[in-house]
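Next up: just one chain, as structure tokens, the form predicted on its own.
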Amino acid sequence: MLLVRYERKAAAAYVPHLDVLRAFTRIIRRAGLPIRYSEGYNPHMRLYFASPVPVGMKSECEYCVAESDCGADEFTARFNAVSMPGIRALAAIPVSADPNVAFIGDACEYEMTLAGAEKFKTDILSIVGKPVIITYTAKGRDVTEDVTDRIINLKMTGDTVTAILSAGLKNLRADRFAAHIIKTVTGECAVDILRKNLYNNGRDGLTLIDEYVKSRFPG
């Protein structure tokens, strides 16, 4: 069994998650990679995906668990040889069981580049430690949430805000947080968001999911 870390960039960032699932199966078939199937009337590949980024957001830390006996390096090489533009396997980690990254991922690191944000650096960084109330529309209705405790860390370099935000059950979407910064601090500006890393936020602090999985589910 393999935990595959992959990226979604360029045009692939605008592909809905269900279409990414279909693309994965086609890529695996083209690559001729060995993978186990479910049993029953309608067998399907045993692939388990972590929570995806919203459509339009780029990511370097998407995860999929594949029930395959293929070697890690061979899997990534054969996958990338026939993959679609914008989707690339970055690494594969042998695991002894499905680590269920949808539940062990407690925090995400994002790079949010906001045009002209550097001159607002003091105001943006001062968001940490203050009450943060965001409003957004979901399923046709307005939602207001207090997300103060979901902002774990915030720093800036130039126009790029690097934020570590809560994920999982207390998820704070980066696009909604960026919209809050635009609304309350910078005013209308272009924004580009890249998800960089996924962490487990345990008693030892933040641990990269890759390292957490290697220690807890050694293959």
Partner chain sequence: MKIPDNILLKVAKPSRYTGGEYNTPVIKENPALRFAMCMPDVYEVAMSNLGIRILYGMLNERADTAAERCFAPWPDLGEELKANAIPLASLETGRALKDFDIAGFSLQYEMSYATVLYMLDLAGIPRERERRGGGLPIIIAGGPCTVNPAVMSAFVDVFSIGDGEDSLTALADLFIECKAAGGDYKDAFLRRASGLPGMYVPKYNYGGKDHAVRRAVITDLERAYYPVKFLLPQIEAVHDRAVLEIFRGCTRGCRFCQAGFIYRPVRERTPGRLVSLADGIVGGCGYEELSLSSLSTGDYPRLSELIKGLKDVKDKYRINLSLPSLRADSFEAEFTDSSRKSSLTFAPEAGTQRLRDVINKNITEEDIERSMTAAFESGYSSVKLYFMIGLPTETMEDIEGIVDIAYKIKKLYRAHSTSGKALRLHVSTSVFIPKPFTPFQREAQLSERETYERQNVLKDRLRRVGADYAYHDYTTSALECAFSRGDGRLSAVLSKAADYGCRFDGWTEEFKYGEWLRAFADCGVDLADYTRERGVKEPLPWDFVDIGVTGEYFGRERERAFARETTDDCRNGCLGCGLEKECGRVSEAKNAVSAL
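Positions refer to the first chain, counted from 1. Keep in mind that what you see is a predicted model, and the values were worked out from it rather than measured.
What comes next is about the form predicted together with the partner chain, which does not appear here.
Annotated contact segment (heavy atom within 4.5 Å of the partner chain in the predicted bound form): 39-47, selected among 66-74, 179-187, 146-154, 39-47.
Contact here is defined as any heavy atom lying within 4.5 Å of the partner chain in the predicted bound form, and by that definition not a single one of I104, K214 and G219 is a contact residue. Proximity of I134 to the partner chain in the predicted bound form falls outside the 4.5 Å heavy atom cutoff. By the criterion of a heavy atom within 4.5 Å, V82 is counted among the residues contacting the partner chain in the predicted bound form. Interface membership of L208, defined by any non-hydrogen atom within 4.5 Å of the partner chain in the predicted bound form, is ruled out. With a 4.5 Å cutoff on heavy atoms, K196 does not count as touching the partner chain in the predicted bound form; it lies far away. Contact residues in stretch 1-40 (any heavy atom within 4.5 Å of the partner chain, taken in the predicted bound form) are A11, Y14, V15, P16, D19, R22, T25, R26, R29, R30, Y37.
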